[in-house]
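Laid out below as structure tokens are two forms of one and the same protein chain, each shown alone and named structure 1 and structure 2.
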Structure 1
Amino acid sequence: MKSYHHGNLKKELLTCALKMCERDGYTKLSIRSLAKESNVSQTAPYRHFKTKEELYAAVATEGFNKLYKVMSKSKSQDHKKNLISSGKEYINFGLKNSNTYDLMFGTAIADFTKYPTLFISANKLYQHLRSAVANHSNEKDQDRIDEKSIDTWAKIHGLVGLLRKLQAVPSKVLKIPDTPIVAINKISKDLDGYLERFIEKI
């Protein structure tokens, strides 16, 4: 006779959800498939996540925490180095954890403020970016620092989106001229150089 109650189902569901999300994409992550993969009844997850969006929010929160961790690894005295390292880690995360990335920065969760822990994790990440930008530039005006930070984020986020399109595309498409794919492929091949120029323009 197996034990009726589980004990730490919530944590197990969450780690399982993270794995499934990354493996199959968040659109395939269903509450029922999650339950099945966790060997628990179909509707058991509802005791821990009131809606599917709440599950999404939990997965996204983990994503922000992970991303924060890798982005704040570099603690050099050279601020430029830190910024470049953060940028690389960001891109790497976006490409390696692309499905979780979608959840974090897509529109599946419309309003972050409905999920306080998610909101906090996302803001912490922004604060990291902002101080990296502030340290690197010699800007003092707070509004300009904000603007530069948003600029930087927007650009690198857009870049991740394009690099992912590049990954998705069949390789023979790379030879079709007059296509953004060709352009993004060139950047992809010299990402370090690109990032150098990127940083200079901040």
Structure 2
Amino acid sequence: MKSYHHGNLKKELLTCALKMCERDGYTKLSIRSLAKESNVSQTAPYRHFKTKEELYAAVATEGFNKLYKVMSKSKSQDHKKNLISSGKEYINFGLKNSNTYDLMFGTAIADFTKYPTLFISANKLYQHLRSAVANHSNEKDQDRIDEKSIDTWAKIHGLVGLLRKLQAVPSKVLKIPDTPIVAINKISKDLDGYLERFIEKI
């Protein structure tokens, strides 16, 4: 049985859960499977995660924290540049961490307020996007800032789904004219330009 330094079990379990989620999908993640993968007793994970939803919440929280970190790394004085960077990092995260992303933005955890750390981390991400939109647009009306923020979020969130579809289709589909896949492929080859053109309109 794997040994852990005192006090590190929860961190080790969470690291393992993140890997399992991304490798197998969150629907395959359970406390029992986590114990087996971590090579600990079946009861050990229950000291830190009482239910499967609680485990999901912990994984989703780490996902939101990682996404916030990459989205907020641009510190330019150019607000448009910051917003473009945030959008691109969001898309890249969604493409590279698709199973974690699905857990974060799906319905497996219906009520984030049950898990305060998750609620805070998810809202922190939205507040970052909202601030970036407000700074770029120079909008003063709070309702309009909210609306523009949701518009921006919907745009980049939807693009993640379309680009994931692009990754999955066979290459022969890219040769069929007048299809959405062809248009999505063109966008994928100039993502910075696409985001810049969109963000200029905000």
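Just so we're on the same page, residue numbers count up from 1 along structure 1's sequence. Values in this document were obtained by computation on a predicted structure and should not be read as measured data. Just so we're on the same page, rigid core means the largest C-alpha set that superposes within 1.5 Å between forms.
The form predicted in complex with a further copy of the same chain corresponds to structure 1; structure 2 is the other form. Annotation: Cα of Lys189 displaced by at least 2 Å between structure 1 and structure 2, core superposition. Once both forms are fitted on their core, the CA shift for Ala35 between structure 1 and structure 2 remains under 2 Å. Residue displacement note: Lys140 has its CA displaced by under 2 Å between structure 1 and structure 2 (rigid core superposed).
Look at Leu174: with the core superposed, its C-alpha moves 4.0 Å between structure 1 and structure 2.
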